[in-house]
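Below you'll find only one chain, the form predicted alone, shown as structure tokens.
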């Protein structure tokens, strides 16, 4: 008599039990978080009417205000540009000591990881608040905040790229008597240059978006005008500024996408 056929199953009983348990835990966490936050849905029913009223106040946009926004928009882009360039300059040595195959010792490796973690753990707005206190309100605080926030992003990804290089090329250059600086310039940088260019442009695109709201905490850019318009309930001016910000972001996205295609 032929043996009984076994029904195929992607997961065995233990795996199914584990997955069901994980799903139940996730649901319990969501429910507990909701209860802890004490969120109320009493205003959900009136939200559509409120949105419609706000859009009515914002239409038509005050296009006549836009000439006043040209300078702040240019400042926003410059904050992103200078902040990104400064971040690349500071992230390069951090990436070098963060990569396991180039870091001099375990202490420098731990230092690099610490810098990356601290930079990435604090939001740009929080950095901006700190630097506004240190340097006063204005574009300097926003530029430094943008740079410091970008160091961790760039150093982490560039460090991973350095770990993937062909180290035989580096050893070949070292064998002919190259100095550490020459090893970096001729052995490492050429191998990570496409990633360096792509990450720099990508981070600049992110920084353009982030710089548009730095003015809310006094760190320069178009956010100052936007905050003042919202604070004075000038909703038509707000809508005009939002369209201007959208246009800048779309242009930066197009430039970023084009540059990344070119370096692939």
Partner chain sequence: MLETEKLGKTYPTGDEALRDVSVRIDGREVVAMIGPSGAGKSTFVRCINRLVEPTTGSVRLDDTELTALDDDELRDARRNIGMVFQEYNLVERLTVMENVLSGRLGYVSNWAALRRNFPPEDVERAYELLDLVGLDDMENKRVDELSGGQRQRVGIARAVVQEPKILLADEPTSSLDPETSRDVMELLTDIAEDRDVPVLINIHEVDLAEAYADRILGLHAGELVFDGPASDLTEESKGVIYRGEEPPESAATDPDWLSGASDESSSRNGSNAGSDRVPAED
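For clarity, a rigid core is taken as the largest C-alpha set superposing within 1.5 Å between two forms. Treat the numbers as computed from the prediction; the structure is a model and nothing was measured. Numbering follows the first chain given and starts at 1.
A second form of this protein, the form predicted in complex with its partner chain, is not displayed here; the remarks below concern that form.
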Residue-level contact is defined here as any heavy atom of the residue lying within 4.5 Å of its partner chain in the predicted bound form; does residue 175 satisfy this criterion?
yes
Can you check whether residue 191 is within 4.5 Å of its partner chain in the predicted bound form, heavy atom basis?
yes
Residue contact check: residue 186 to its partner chain in the predicted bound form, 4.5 Å heavy atom
yes
I'd like to check something about residue 171: if you look in the predicted bound form, is any of its heavy atoms closer than or equal to 4.5 Å to a heavy atom of its partner chain?
yes
Aligning on the core only, does the CA of residue 108 end up 2 angstroms or more away between the shown form and the other one?
no
Answer yes if the CA of residue 184 moves 2 Å or more between the shown form and the other one after aligning the rigid core, and no otherwise.
yes
